[in-house]
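Starting off, we have a lone chain in the form predicted on its own, written out as C-alpha cells.
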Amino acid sequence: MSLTAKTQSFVLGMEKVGKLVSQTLDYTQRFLKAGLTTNDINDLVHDYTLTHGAIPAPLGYEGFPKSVCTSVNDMICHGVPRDTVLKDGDIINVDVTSILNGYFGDSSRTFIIGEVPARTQQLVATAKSAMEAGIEVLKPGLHTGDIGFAVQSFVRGAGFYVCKDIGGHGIGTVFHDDPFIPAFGKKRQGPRLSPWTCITVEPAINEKNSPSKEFAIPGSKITEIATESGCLSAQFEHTVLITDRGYEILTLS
C-alpha cells in the first residue's frame, strides 16, 4: 500500500518522538534508587527532553504543574512530583510524554526500588504483560473492546485486577484523542481502529479489587488517582502505530 506524503510525514514524526520518549525513560532509569525524590525525577526528564529539542507535554497541560507523572505505590496515575523520597521496597510509575516537531509520544514504565516481595514483583510483571497482551491483538479494523478483552482476560488469569477508570487513547498531533482504549471489554464492541493512526495501550493493574479515589491538584483540571484501599498499582504504556496490516510499537527501547 503506497502512502501519501502526509501519512509518511506523520509516521516519521511519530517514530522520532517515540524513540525520544523511550530514550528518556532509559536515561531516567539509570538514576532510580532509594533516596531520590520524585522532584529529582522531574528534573531529569525535563532537562533531557529540552536538551534533545523537545517539549515536556505534561508541563502546563490543563494546569498540570510538572514535566512528568511519578506515581508511587498506591498512586495509579498522574502523580505530581514533589519532595517525596523513594524508599527501598517502593514501586514507581514514570510516565513520559514529549512533543517533538508537533508530534506527541507517550510511554510509561513501573520500576522497582530495591527489594520487594514476590507478590509485588508479580504485580509489576503482570502489568507489563497485560500491556503486551493488548498490543498483540492490534490490527486495523479491530474494535477497542477486543483490546480490553485481551487485557482483562490476562490479568484475571494472573490473579490481579484491572483499573476500569484508566485506559489508553488516540495520540498524534494532540496529546489525548479518540478513541478511548479500555483495559476491559467485550469482543467486537467499541470503535474500530483505523490504519495509519496511533493509540496508547496503558492498562493500570491493581493488587486488589479496589475502587479509585481522586485528589485535586491545585490549579489543574487533572487529578491524582490512587487506589482507595491503599493497595499497590502498576502500569506500563506504549505508543503504537496501527498499520495497514498490523502494528508498530513506537516507544520500544
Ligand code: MF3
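This one's a predicted model, so the numbers in the text were calculated from it and none came from an experiment. Residues carry their position along the shown sequence, with the first being 1.
Unshown form predicted in complex with the named molecule; subsequent notes refer to it.
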property	result
Among 64 to 72, 183 to 191, 203 to 211, 33 to 41, the region lying within 4.5 Å of the named molecule in the model of the complex by heavy atom distance	64 to 72
All of 95, 176 and 222 within 4.5 Å of the named molecule in the model of the complex, heavy atom check	yes
Contact test in the model of the complex: residue 164 vs the named molecule, heavy atoms, 4.5 Å	no
Residue 146: touches the named molecule in the model of the complex, heavy atom cutoff 4.5 angstroms	no
The named molecule contact at residue 109 in the model of the complex, heavy atom, 4.5 Å	no
Residue 128: touches the named molecule in the model of the complex, heavy atom cutoff 4.5 angstroms	no
Residues within 4.5 Å of the named molecule in the model of the complex, restricted to 233 to 247 and counted by heavy atom	237
